[in-house]
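Let's start with one chain on its own, the form predicted on its own, as structure tokens.
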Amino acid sequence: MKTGGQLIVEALEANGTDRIFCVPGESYLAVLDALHDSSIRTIVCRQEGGAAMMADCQGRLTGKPGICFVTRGPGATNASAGIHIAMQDSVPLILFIGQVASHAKEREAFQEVDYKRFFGDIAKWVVEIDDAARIPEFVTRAFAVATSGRPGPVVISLPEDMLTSEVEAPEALPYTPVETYPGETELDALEMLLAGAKRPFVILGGTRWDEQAVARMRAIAETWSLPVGCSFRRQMLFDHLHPNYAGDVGIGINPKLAAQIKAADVVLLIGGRMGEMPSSDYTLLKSPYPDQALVHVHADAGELGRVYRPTLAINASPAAFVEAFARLRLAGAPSWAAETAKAHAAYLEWSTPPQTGPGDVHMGPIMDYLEKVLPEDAILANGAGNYATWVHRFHRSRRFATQAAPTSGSMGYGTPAAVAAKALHPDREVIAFAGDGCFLMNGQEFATAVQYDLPIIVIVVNNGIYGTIRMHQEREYPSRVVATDLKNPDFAALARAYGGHGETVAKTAEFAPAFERARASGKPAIVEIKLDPEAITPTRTLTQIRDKA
């Protein structure tokens, strides 16, 4: 006889869980008690949104479900931000929620929420376990659902009395991973399309990649001389200094790259959905009927034909597809090789940062410095805001599993993601980028980094405004500023108050020594950059945007 709490932990162990992220609550004390005797590492966080984002980062970097536990009501609703990210980003995650006791349900009991209704549209599967004997079944199924097809979040509600009940239950078995392979008919059709192409283009996106699949894709690009772009915030899928890399297919795309994609006769989209942001509001690929012949490869059949009508639909995971693609052979030299070289040259020009700008701090030289000193396996995390342009456009990613950034555009992601990344890879450098507004949404997770001795470095780009919203505000309603100014704390002092290391950068030349002191401190650190709000983009100031409007 075992309690529901013990069965939950045993099922997690059976499915290979090595750590969980949580904010404790009395509704799942039985699980916490069972974790006391488990080898699973429990990382306690400061807010449920941060805990869920940490679990998302774990799933994003490993391909295995990140695990998060929160309490009922406010705990669950706080965690919903991380669930939305995991859904839009196709990241495997399992959220366990302590629920009110069974006898109190449907009475609007203390902190009661109907989780099937609340999470119904932002999770792959939502379930409540009423019988503790079925815990092994449901938990193993949750792992299967979270990782199969298009990965995503699963939410499991755990009534408090169910967790304390003692039952006999079968031993939990691990889930069986499901792979989807392309058929020979589809591969033959792909070979024929590429054989007749004059201007092909490859876009990599989505999840279900691994290091081997990325290496195979690189070899395929070399064999076929294919130009390759990475979808929005999926830059870690291709080496940016490889001669076949053409650039980031995302927000603020290089106009030369956009023109190349629009002029392509065959677009091979592997793994991605090509949503609103990477498609430039459905203009690079027109929905529902693209101008180009579209070969769409996706692990979930439900995504094929959902937004775009493809010329060729291939239901396969990226890893399985590139394994099969690598066996195809190109007859003769490709006619597009020279265009591939031009695309890479255009990318190198586009990704070279400007060296000047308004104010005393210039982000271009700072990015140049970071590119020189950061190792290739450094992990960069960020949330959302105009500050992220400097990372996405000017950081040249070299390795797989080095990027943690939400394609959903959620603010507040960078700091908790960096905590999770450092817990996962303590031997690698982990840098979080955040704007001042972005940092203060989940910046309290810096305390989690201090508690677990995880020496991340958070670069806070402080311009005293919600920058992206101000940019749009000045463009649409020039000089009518409302609700975008911020009065911020001393971020370096805040880092020291938490027990970390703090630095303030007011001039460009101060960044390098400040960053090196942060590195040498061995502590979680915040390096605050005081950026002039006029430096709203790498190429245009706020005044220029306002004057043009």
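Quick caveat: nothing in here was measured; it's all calculated off a predicted structure. Just count from 1 along the sequence shown to find any residue number.
Below, we refer to the form predicted together with a small molecule, which is not included among the displayed structures.
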Can you work out whether Gly467 and the small molecule are in contact in the predicted complex, taking contact to mean some heavy atom pair no more than 4.5 Å apart? yes
Applying a 4.5 Å heavy atom distance criterion, does Ser410 contact the small molecule in the predicted complex? yes
Indicate whether Asn244 is a 4.5 Å heavy atom neighbour of the small molecule in the predicted complex. no
Partner contact for Phe201 in the predicted complex: the small molecule, 4.5 angstroms, heavy atom: no
Residue stretch of 362 to 370, 438 to 446, 159 to 167, 334 to 342 approaching the small molecule in the predicted complex, non-hydrogen atom distance within 4.5 Å: 438 to 446
Select from the listed residues Thr402, Ser90, Asn463, Gln260 the one whose heavy atoms reach within 4.5 Å of the small molecule in the predicted complex. Asn463
Position in contact with the small molecule when the complex is considered in the predicted complex, options Gln473, Gln292, Asn386, Ser279, heavy atoms within 4.5 Å: Asn386
